[in-house]
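Presented as structure tokens, the chain that follows is alone, the form predicted alone.
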């Protein structure tokens, strides 16, 4: 027993790193699907989109870049799938030049999965500089701010925009960001035009945005990979009810990996402390 404790408490770094590497990689390859409790902010966003009638239009703003992709991209896909599965029309824009390709890739991916038609079920308008002017301009006339879509097609020719002129015709704006974009959407779109706003933010930014939930300026919020995983669970349940193939669980796998890694670290710390005190006791004896 003493020899075992001595070995465990004197593991070399390579062994510890190897154990942690396995704990991180294996759940990514073989998801454990550890249970997730859906937090109120996530449930509120899901319920709000559920409450929208079919044919409603929502705007999803890709305000993130590759630096925060592991947290924000899965939540972007999850909300896209939810909206498109409910036949809600999606308008995609990008206010971060680093995210132009990510927004296009995500919206094309989900549209292909659910057999949605471009121009009727969804449109990608692409990037626009000058955040404040763009957000205010959308409240007056989308057609003036984005006269053409990402591909250069006049949006007047797209069926989706026949009845979409400004925020009055857009049921919700969701900003996915690792920076201050959601707060700007509140300042320019919610405060000025009364537009409903929701946010998908990184875990480190979530604390800054909880006051917006408490004041009702956000209808809901996804915080970090955990928020994305919670939303994926809700979307999977919806897909099963509708008889649709369940989408790949990117955030769920990520949370499995994070949870196992944290558990291993805790176990290693406990073993190290037990061994330390036992050795100290033996030396004292």
Partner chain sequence: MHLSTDPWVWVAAILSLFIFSFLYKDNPLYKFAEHLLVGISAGYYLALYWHNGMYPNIIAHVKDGNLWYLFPLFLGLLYFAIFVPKYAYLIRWPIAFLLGAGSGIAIPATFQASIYKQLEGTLLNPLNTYPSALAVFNALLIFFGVLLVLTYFFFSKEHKGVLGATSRVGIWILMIGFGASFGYTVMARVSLLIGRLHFLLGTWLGLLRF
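Residue numbers count along the first chain shown, from 1. The model shown is predicted, which means the values in this text are computed figures rather than measured ones.
Not pictured, yet referred to below: the form predicted in complex with its partner chain.
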Would residue 45 count as a contact of its partner chain in the model of the complex, using a 4.5 angstroms cut-off between non-hydrogen atoms?
no
Is residue 34 close enough to touch its partner chain in the model of the complex, meaning at least one heavy atom pair within 4.5 Å?
no
Would residue 17 sit within 4.5 Å of its partner chain in the model of the complex, counting heavy atoms only?
yes
In the model of the complex, residue 238 touching its partner chain (heavy atom, 4.5 Å)
no
Would all three of 73, 106 and 264 be in contact with its partner chain in the model of the complex, where contact means some heavy atom lies within 4.5 Å?
no
Given 77 to 85, 108 to 116, 127 to 135, 167 to 175, the stretch touching its partner chain in the model of the complex at heavy atoms within 4.5 Å is 127 to 135
Out of 199 to 214, which residues reach within 4.5 Å of its partner chain in the model of the complex, heavy atoms considered?
203, 204, 206, 207, 210, 211, 212, 214
Do the C-alpha atoms of residue 17 and residue 68 sit closer or farther apart in the model of the complex than they do here, given a shift of 3 Å or more?
closer
